[in-house]
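A single chain, nothing else alongside it, follows as structure tokens in the form predicted alone.
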């Protein structure tokens, strides 16, 4: 009888313990973080795919890191971050469809699009559906009043172009410059800005009307008349990463020995594969970090990104910032999570430490000089030179 009572007591204890464990597990499940969806609409296929892939992967790598370390606390609620992506295929109509999808899912913050046409096309949808978006596109009309829903995610060509040209004038003795652009609105707009900047600096613009179709594979006929003008600097305005090595190779094979540059970000692996040593010396706007200014957090981001995707794109040093700004703005004003009017208010005052850059750098919105209002992320302007499969830093500057 004694043994039976002890057995019943033991069973009761086990049952109570099991019940407690199940309850604890259920409580843990109920206590799981809520989900915060952030969108990405941009190009992840075709010649310009590297731009959007860098965006999406940067967001995914950072979100995974945040979620692994407990989520992000906004007000009294902790969230896991979910990135919702949409490939617009560099097509404005698909970009609009992507933004409509985001609106249907109740997403108020979207990174992208990556090109001028797409960024302009989605503006009505963004404004009608209370979406703040972060394009990597340069038309000033997107960021100047009365527009207020777009925030430029990078340094614009009309900000980096003059800095590059001035540097090359002073350090390399550049006097004559030629421009080549694809026959699309983005590159043509960037060429127009580059030509204006070059002339303002006193450079002799020897060619500014040569264009090529985006599906061009033989660039020799395109560049032959440009080479006859004998420029010191050949600017590939708005060149897509897949086209850059083809243009560089054609120019070098035509005997051009001068400098080649662009104001768009590039992919070192694409340059290596498409042009090899012929791309050495190619100058482009790089990611917003260098070994000199990268913090341990930036190094960890690069490591996590590389492990997650098996490779790294230098441009992601810039692309990591958009999600960070969105979350920090929400943290500074929790009401902005669902209210874009509150988000816009916070844009003017946000100032928090920049975890990716050494020193006392801050995450804050800029753009007052270029746009008359703060509608640009303050990311460092890093200008790179390609050499033997990787980028090396030429100089670093800031935009106000």
Partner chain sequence: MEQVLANGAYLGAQYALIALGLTLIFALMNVLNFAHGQMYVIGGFVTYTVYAQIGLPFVVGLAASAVTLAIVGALIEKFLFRPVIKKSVREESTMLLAAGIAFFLDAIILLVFGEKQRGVPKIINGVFNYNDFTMVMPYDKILVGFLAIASIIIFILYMQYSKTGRAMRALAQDKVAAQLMGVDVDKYSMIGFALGAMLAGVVGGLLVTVTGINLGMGGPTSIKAFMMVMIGGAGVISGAIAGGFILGMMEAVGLSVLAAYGDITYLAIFVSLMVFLAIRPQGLMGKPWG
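From a predicted model like this one, the values you see are computed outputs, not experimental measurements. Numbering follows the first chain given and starts at 1.
Omitted from view is the form predicted together with its partner chain, to which the following refers.
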property	result
Among 291 to 299, 223 to 231, 146 to 154, 323 to 331, the region lying within 4.5 Å of its partner chain in the predicted bound form by heavy atom distance	223 to 231
Touches its partner chain in the predicted bound form: residue 211 (any heavy atom, 4.5 Å)	yes
Partner contact for residue 104 in the predicted bound form: its partner chain, 4.5 angstroms, heavy atom	no
Interface membership of residue 44, its partner chain in the predicted bound form, 4.5 Å heavy atom rule	yes
Residue 49 within 4.5 Å of its partner chain in the predicted bound form, heavy atoms	yes
Selected contact from 189, 269, 129, 85, since only one has a non-hydrogen atom within 4.5 angstroms of its partner chain in the predicted bound form	269
Among the candidates 160, 313, 318, 264, the residue which, in the predicted bound form, approaches its partner chain to within 4.5 Å (heavy atoms)	313
